[in-house]
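The chain that follows stands alone, in the form predicted alone, written as structure tokens.
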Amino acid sequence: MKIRFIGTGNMGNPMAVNLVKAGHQLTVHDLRREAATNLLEMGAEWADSPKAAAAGNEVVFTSLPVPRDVEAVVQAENGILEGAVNGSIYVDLSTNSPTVVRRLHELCAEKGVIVLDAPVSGGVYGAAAATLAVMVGGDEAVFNRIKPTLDAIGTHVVYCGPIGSGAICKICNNLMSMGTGVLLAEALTLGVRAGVDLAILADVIANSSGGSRRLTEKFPRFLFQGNFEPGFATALAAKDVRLATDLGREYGIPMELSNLVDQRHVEAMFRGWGHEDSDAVARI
């Protein structure tokens, strides 16, 4: 399949690598050409703009940091909409606002461009290993058509419902993950300050009712090693938690605990840790 891939950063690059390995013909674009050097060496072609990336292809993927980046790449001059044609499929792999996704869906539909939201979970490790969870919203028939392509980047590719449903699932997932991280940090600090060895405490919790993948898989790679290289950056975690609390306000849902998690991430950003892995929040 001919695929255009826009955004070859920490997550996008390994996903694009796996698409090339699966035999797809890729054309790539990023704000920094050097971010795609390895892909070009693997045989991918370069496009000078999102417009050029969208032209003449079956599927266009984006993997971008924040909603405003997605909006710009789709709508701006030399954007995807200028290059896409009737029947093109646009798949956003970013963690986006459901409201933004739905608005872009309507805008693209005016030109006959089909939109799917397909955020991913599993971090850089999962992206490299092609073991991501992929949460897809949009037309189910279109999902079924491109699912074999998505299988090249993830092992748990799920149709979640109408447009925006993938984004909603991802936001809820990340809110749980970040909230668990904050509570775990407090519990572990309490136990260590009260006199229990960290390794013993973590082992007990991991094998009891308080266990979680955040404790057993992520903390050992990052927090417990004093390693704050992303990973999943604190700035992106803060963005995702805020997307969740914004969505709660949109639907009138009380989210007191989530707002506390939000403020913990605001504090981490204020301390200048935005570029570090999201485990840095535990240092507070």
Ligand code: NAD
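Since the model is a prediction, treat every value here as computed from it, not as a measurement. All residue numbers refer to positions in the sequence shown, first residue = 1.
Keep in mind that the form predicted together with the ligand is missing from the display, and what follows is about it.
Enquirer: At 4.5 Å between heavy atoms, only one of the stretches 146 to 154, 189 to 197, 118 to 126, 82 to 90 reaches the ligand in the predicted complex; which one is it?
Expert: Heavy atoms within 4.5 Å of the ligand in the predicted complex occur in 118 to 126.
Enquirer: Give a yes or no on whether each residue among Ile6, Pro65 and Phe232 has a heavy atom within 4.5 Å of the ligand in the predicted complex.
Expert: Each of the three qualifies.
Enquirer: Give a yes or no for Met11: in the predicted complex, does one of its heavy atoms lie within 4.5 Å of a heavy atom belonging to the ligand?
Expert: Contact with the ligand, yes.
Enquirer: For Ala52, is any heavy atom within 4.5 Å of the ligand in the predicted complex, or not?
Expert: Ala52: no contact with the ligand in the predicted complex.
Enquirer: Within a 4.5 Å heavy atom cut-off, is Ala35 in contact with the ligand in the predicted complex?
Expert: Ala35 belongs to the contact set for the ligand.
Enquirer: Would you please decide whether Arg242 lies within 4.5 angstroms of the ligand in the predicted complex, comparing each non-hydrogen atom pair?
Expert: Residue-level check for Arg242: no, no contact with the ligand.
Enquirer: Report the residue, out of Met42, Leu257, Ile253, Leu31, that has at least one non-hydrogen atom within 4.5 angstroms of the ligand in the predicted complex.
Expert: Exactly one residue meets the criterion: Leu31.
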